[in-house]
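Presented as structure tokens, the chain that follows is alone, the form predicted alone.
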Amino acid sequence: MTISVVGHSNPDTDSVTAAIALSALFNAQGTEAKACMQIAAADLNPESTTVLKRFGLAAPELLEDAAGKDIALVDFSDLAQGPANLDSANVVAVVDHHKIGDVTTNSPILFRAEPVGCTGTVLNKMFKDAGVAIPKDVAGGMLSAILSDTVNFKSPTCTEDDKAAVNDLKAVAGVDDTEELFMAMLKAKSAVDGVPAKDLLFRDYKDFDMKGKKVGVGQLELATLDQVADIRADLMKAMEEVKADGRHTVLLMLTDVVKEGTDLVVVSDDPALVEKAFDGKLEGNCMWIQGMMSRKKQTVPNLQKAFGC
């Protein structure tokens, strides 16, 4: 049976390119695999679309239901972030850089998770370990993912392994100017004009289980907060609608890449708990948190502690 390699819901560039890269590695090793994602290609976020086009990569196939399939997970290991019926699929591999989630298996599997800034960095090591050359187009996608996930090395999640992987991959991909590549991705990622507020909220969004309470965290990386000045009311309305669908809290990280901080927008049953999590004070529904760049390392862990996870 062909292995379907899939990343998390509302896929970012790492999730998309990691699915492409791991399926390429499996196929090179003689195991039939295909790259998948949980949305149609037409719904892919602007940054990922830009990356795929730039390096000539085909978008992964749509996978909505995992029941009965052999599945490999990249960039996540939480059931809530997977396709429908993931709990009845045969999970054969996990490659990730987040905390270990709640996916379980009936037998040993390939499981590789490392505390680095991007799944692409882990995959770069896996290609090396296997003695398999990374195709030029795949290297371009992996390179882009690392630059995106580490915010061009500004994120606190960035490690020396990520920087080393970028040096490896840019040579394979034929990219001399990684700064130009990052800025092209940021331009695409931060484009908000004409995009519905709910689509912006879900552009890079994940739900988490916090002690039985559902908490959603979205993130928009921007060149300047002025880009969303005229649509804040629309974003709040979208957050309130999403919260009403059974969530305790919905947060939107408006991350200013230049100023290296986040304007955290909050809709919650317990705003004081969120204030406690980040040792700050909400002004209206927002608080500026200097230095906050990473949902994985700075936002979710603080929330988990506050919720008593």
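Each residue number is its position in the shown sequence, starting from 1. Keep in mind it's a predicted model, so treat the numbers as computed, not measured.
Below: the form predicted in complex with another copy of the chain, not depicted.
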property	result
M1 within 4.5 Å of another copy of the chain in the predicted complex, heavy atoms	no
D177 within 4.5 Å of another copy of the chain in the predicted complex, heavy atoms	no
Residue contact check: K214 to another copy of the chain in the predicted complex, 4.5 Å heavy atom	no
In the predicted complex, F111 touching another copy of the chain (heavy atom, 4.5 Å)	yes
The single option of R232, H98, K154, R203 touching another copy of the chain in the predicted complex, heavy atom within 4.5 Å	H98
Position in contact with another copy of the chain when the complex is considered in the predicted complex, options T105, S88, T224, N167, heavy atoms within 4.5 Å	T105
Contact check for P115, K296 and Q304 against another copy of the chain in the predicted complex, heavy atom at 4.5 Å	yes
Options 235 to 243, 134 to 142, 178 to 186, 90 to 98; stretch whose heavy atom lies within 4.5 Å of another copy of the chain in the predicted complex	90 to 98
